[in-house]
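A single chain comes next, written as structure tokens; it is the form predicted on its own.
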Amino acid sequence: MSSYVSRRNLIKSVGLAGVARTLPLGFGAFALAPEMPRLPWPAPQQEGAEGAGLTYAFLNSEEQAFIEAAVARLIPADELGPGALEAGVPQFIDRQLIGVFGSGGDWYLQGPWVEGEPEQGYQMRLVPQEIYRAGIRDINLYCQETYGGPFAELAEEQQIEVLQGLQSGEIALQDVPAALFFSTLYQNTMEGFFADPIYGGNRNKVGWRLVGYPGAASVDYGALVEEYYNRPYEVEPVSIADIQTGEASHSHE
């Protein structure tokens, strides 16, 4: 994997504090946002939704192919274990986009649409559904013009080159700031890899196993922090579904 994102760097950047959030949707690392027009977005196609055992509710077939390829580059499968694709991150992102998060249902979206300061947070008119739809369309247009095919059909090195261009802002997209699209995708990929499996990602708790996080039961592990400080605490992770079905307890005892 490239130097800008690797699984080891990912682990360092997330840390246990970041993993401790079992609920998804931080959506926090947005840059400044210029005024952007709201656009009409066509209804998605649903053809080919069975790929890799996944079903999709929001992403159309072109978007599915992009997301599956992109998350596989951001967190690839390697000697440390399964990657984001195998963990079901595409399905996690799709589920979030079809819900309140995707439509910005609890966001203030009345303007004024002026450029703000970094500490003012997200300032754009686009909701996540629109960011993904417009961003993927524009990236595939860029890839077609630059490499002769959509992102999902590029060689791994070319896909990494495109992601790096988006991250740095060197690639200009028509309707969405490239760096904003990348930060959104990267943030949601990490959320899907480490959130509770009940949200569609983190299949078989691969994200939690990777970093040694005990899962939903962590609320009861406070008394063990001092005892295991700087030492691994090996335990089978417990999900929300495990507790709901009675297969596990939230207690460490």
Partner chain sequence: MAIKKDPVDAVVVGMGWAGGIMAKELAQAGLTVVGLERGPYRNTAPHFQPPEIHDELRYARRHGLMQNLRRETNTFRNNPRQRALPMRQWAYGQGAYPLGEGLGGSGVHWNGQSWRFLPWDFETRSRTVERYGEEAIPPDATIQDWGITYDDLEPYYDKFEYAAGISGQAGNLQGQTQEGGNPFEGPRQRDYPLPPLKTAYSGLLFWEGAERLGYHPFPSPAGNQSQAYTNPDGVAMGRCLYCGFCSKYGCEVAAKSSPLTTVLPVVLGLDNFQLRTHANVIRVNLDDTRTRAVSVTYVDAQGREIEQPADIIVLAAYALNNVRLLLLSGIGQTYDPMSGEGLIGKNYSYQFISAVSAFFEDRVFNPFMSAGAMATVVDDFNGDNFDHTGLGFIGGGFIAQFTGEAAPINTHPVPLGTPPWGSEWKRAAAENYRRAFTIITHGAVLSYRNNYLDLDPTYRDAYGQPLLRMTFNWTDNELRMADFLTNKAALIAREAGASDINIFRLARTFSIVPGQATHNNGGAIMGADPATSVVNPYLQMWDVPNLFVVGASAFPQNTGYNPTETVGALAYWTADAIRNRYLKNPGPLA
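Numbering follows the first chain given and starts at 1. Please read these numbers as outputs of a predicted model, since none were measured by experiment. The term rigid core refers to the most C-alpha atoms you can superpose between the two forms while keeping them within 1.5 Å.
Quick note: we don't show the form predicted in complex with its partner chain, though the next part is all about it.
### Query
At 4.5 angstroms, heavy atoms only, are 56, 99 and 175 all close to its partner chain in the model of the complex?
No, none of 56, 99 and 175 comes within 4.5 Å of its partner chain in the model of the complex.
#### Entry: residue 122 within 4.5 Å of its partner chain in the model of the complex, heavy atoms
The answer is yes: residue 122 has a heavy atom within 4.5 Å of its partner chain.
### Query
Quick one: is residue 191 in contact with its partner chain in the model of the complex, heavy atoms, 4.5 Å cut-off?
Within the cut-off, so yes.
### Message
Using a 4.5 angstroms cut-off on non-hydrogen atoms, would residue 148 count as touching its partner chain in the model of the complex?
### Response
Close contact is absent here: in the model of the complex, residue 148 is far from its partner chain, nothing within 4.5 Å, heavy atoms only.
### its partner chain contact in the model of the complex: residue 218, any heavy atom under 4.5 Å
Close contact exists here: in the model of the complex, residue 218 approaches its partner chain to within 4.5 Å, heavy atoms only.
### Message
At 4.5 Å, heavy atom to heavy atom, what parts of 101 to 115 sit next to its partner chain in the model of the complex? List them in sequence order, or say none.
### Response
Stretch hits, in order: 101, 105, 106, 107, 108, 109, 110, 111, 112, 113, 114, 115.
### Task
Answer yes if the CA of residue 62 moves 2 Å or more between this form and the one not shown after aligning the rigid core, and no otherwise.
After core superposition, the displacement of the residue 62 C-alpha between this form and the one not shown stays below 2 Å, so no.
### Task
Inspect the rigid-core superposition and answer whether the C-alpha of residue 184 shifts by 2 angstroms or more between this form and the one not shown.
Comparing the forms between this form and the one not shown, which are aligned on their rigid core, residue 184 does not shift its C-alpha by 2 Å or more.
### Query
So with the core overlaid, does the Cα of residue 224 end up 2 Å or more away between this form and the one not shown?
Indeed, residue 224 is displaced by 2 Å or more.
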